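In structure tokens, the next block holds one chain alone, the form predicted on its own.
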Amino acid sequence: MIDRRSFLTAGAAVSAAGVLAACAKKNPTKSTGSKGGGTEQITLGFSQVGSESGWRAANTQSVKDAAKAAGINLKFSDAQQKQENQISAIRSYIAQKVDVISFSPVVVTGWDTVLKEAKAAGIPVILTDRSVETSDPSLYVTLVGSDFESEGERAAHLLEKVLAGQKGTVKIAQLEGTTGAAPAIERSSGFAKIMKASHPEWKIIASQSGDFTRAGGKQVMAAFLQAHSDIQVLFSHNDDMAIGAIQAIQAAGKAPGKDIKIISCDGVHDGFVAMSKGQINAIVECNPLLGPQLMDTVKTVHAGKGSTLPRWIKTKESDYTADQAAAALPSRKY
């Protein structure tokens, strides 16, 4: 299990952030532009995972809007769900001598080489949304994002509410996110943690990646139902896969939210629409609107104050059940 909190070892956080903060101090005038009045404009190179879901689209827009509002020169790239594209983008940012690099990693492992290149170039790195597994914590300053393991635990607790009073074995199917991605790994482990501790009657009888997409959710859920006609619950790692799964459930002649209870993660608009119709029973919110927090962090790091930051800047999130969906829907911002 990948535990982001394993990086918070005594002294490592301070020394790691301090090293990168010092790098920022060494290169305070690399920016390509100026806001005028003698104020230097910060240039941020940002590599996005892709555009696989409504959540990701909202996340991208938040980053772009916040950079504009903060007066930060944003260089943006879409990795299209491929790690090699993301590594190439980061190397391009290094060559362009941007002030700060930020990215939401496609998968957890395989970043040490390119992050060492950024460190050697004196460019601090900020992770967003997802963590990495690295042999050297000093290769990035901080992570701005959600606690995915907690989200898995929250999903299990929501299922407890949905199944209140139900007796006997509960047969669960799980739609996992992209293989190797932090949300997939940690949401699974968080959910399993609560199962093991409190619910021996819950059994995951099918679990497979739907790659965080509607098409993947529909295809995998259809296969689940062919192999296991007795599925009672679906735990989906995001709303888009859940929405695809709803189509497969309906095609199989079953009622989503009734014949098969559905717990999902994210909280995008379409997920709330499905929940307001009773097709999704509960949603664990994962807030994509990280842009303002990221830009504040970029400014702090560029000012040479990275050592003042925690290693993990968590986002604020809530949980919702179907009876709350209609009232909450008009206020959803993504």
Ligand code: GYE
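All residue numbers refer to positions in the sequence shown, first residue = 1. Since this is a predicted model, take the numbers as computed values, not measurements.
The next section is about a form of this same protein that is not shown, the form predicted in complex with this ligand.
Screening 46-54, 298-306, 272-280, 66-74 for residues having heavy atoms within 4.5 Å of this ligand in the model of the complex returns a single hit, 46-54. Not displayed here, this ligand is approached by Arg130 to within 4.5 Å at the level of heavy atoms in the model of the complex.
When this ligand is considered in the model of the complex, Phe224 lies well away from it, no heavy atom lying within 4.5 Å. Though the partner is left out of this view, Phe148 does reach within 4.5 Å of this ligand in the model of the complex, counting heavy atoms only.
Among residues of the shown chain, Ser264 is not one whose heavy atoms approach this ligand to within 4.5 Å in the model of the complex. The partner is absent here, but in the model of the complex a heavy atom of Phe212, alone among Phe212, Tyr140, Phe191, Tyr93, sits within 4.5 Å of this ligand. Only one of Pro183, Gly217, Gly152, Pro256 comes within 4.5 Å of this ligand in the model of the complex through a heavy atom, and that residue is Pro183. Contacts to this ligand in the model of the complex (heavy atom within 4.5 Å) from stretch 215-242: His237, Asn238.
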